[in-house]
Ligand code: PLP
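The chain below stands alone, shown as structure tokens; this is the form predicted alone.
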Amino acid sequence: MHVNYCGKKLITQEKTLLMDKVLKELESYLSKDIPYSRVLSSMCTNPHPVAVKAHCMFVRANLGDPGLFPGTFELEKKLISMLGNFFGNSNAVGYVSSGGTESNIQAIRAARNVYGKGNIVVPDSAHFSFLKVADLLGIEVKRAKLDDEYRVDVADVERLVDENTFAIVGIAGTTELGQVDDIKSLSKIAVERDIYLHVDAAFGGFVLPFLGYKDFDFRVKGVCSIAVDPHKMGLATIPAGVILFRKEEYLHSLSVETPYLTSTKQYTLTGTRPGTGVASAYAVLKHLGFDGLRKIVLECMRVTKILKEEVEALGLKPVIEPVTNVVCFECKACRVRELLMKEGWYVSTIRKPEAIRCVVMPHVTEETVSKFVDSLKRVLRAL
């Protein structure tokens, strides 16, 4: 018996027993991980089977030295072109990152390098990656208030922008509530003040276009960059994020010289960079197409509606009507989450207002919802 890795024979017969022992040890650790079937807190999901196969095919590729992997590099450029067109700019440039955090860091780093000032304005709903942005880049991050629907208060953004502001940020699919900021109004501020506008669509990028949203991407004049994560609703393997820039100037502002590699410059944040995310994201898009992804999103929204209605029937009020496949319910969240974990369910919590948060990813089926609601019913009775 031979042991295979990603379909390739790697070892000889005499090494099989030792390898089997190692793999069994790894399986014991893997078995401790929570299966997605019990998870309603994550914006990631089981990757599509074609993504897994593509991942294995490209497992040796290192895009940190693209001249050694010209096919993988060409595939990345093709993927970026596909996504640029999808988000309204056939001339968009960018690369496949490790995820939304890296993409957000790179967007603000590019803005700082081009505009050279001292602060940015983000919504109070912005992802915690902007705390890392502040720390790494040594800039001030001002937080704008939210309105009654938990979108950024555009008037407060205008109030906070000053002569040292070089960028503002809008969120298209907030992490906590899945809400969408008024990107068009933020664009107006950016254009009038001649500052950079970054849209964090790490989650919403592969959701909103299929729900009729068009005013959050490069079709909006002031948008300079977009972060989107194929490893979320794009069903790619982890890690697979994407940072897209409206024009090459922003991407080139990130470059450093790399004289000992096959390329003379590198504009990515990390050096060594896997080709697996490129291959898996591309494979899903080619296999399912955007129409296929639309069907998956619409099914998630159907299940989200069922979850909302069934939990409402238990007496819990949603914080807002779900905009995307995220729904939060007001309750004694920490205690409810604690009791749900004892039932084997994993949800998260938000603080303002206190609520449990459920993300209805493709692994959350109608049957999953039924079982979850039964457990929640018992939890609420216990409280």
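Start at 1 and count along the sequence shown; that's the residue number. Here the structure is a predicted model, which is why all the values come from computation and not from measurement.
Absent from the display: the form predicted in complex with the ligand. The rest refers to it.
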{"query": "Region of this chain that lies against the ligand in the predicted bound form, out of 294-302, 275-283, 165-173, 86-94 [heavy atom, 4.5 Å]", "finding": "165-173"}
{"query": "Full three-residue contact with the ligand in the predicted bound form, heavy atom 4.5 Å, for R151, K184 and G222", "finding": "no"}
{"query": "Distance check, N104 to the ligand in the predicted bound form, heavy atom within 4.5 Å", "finding": "yes"}
{"query": "is_contact(F203, the ligand) in the predicted bound form, heavy atom dist at most 4.5 Å", "finding": "yes"}
{"query": "4.5 Å heavy atom contact, M43 and the ligand in the predicted bound form", "finding": "yes"}
{"query": "4.5 angstroms heavy atom contact with the ligand in the predicted bound form for P209", "finding": "no"}
{"query": "Candidate from T72, N119, T268, S129 lying within 4.5 Å of the ligand in the predicted bound form - any heavy atom", "finding": "S129"}
{"query": "Those residues of 229-250 which, in the predicted bound form, come within 4.5 Å of the ligand by heavy atom", "finding": "D229, H231, K232"}
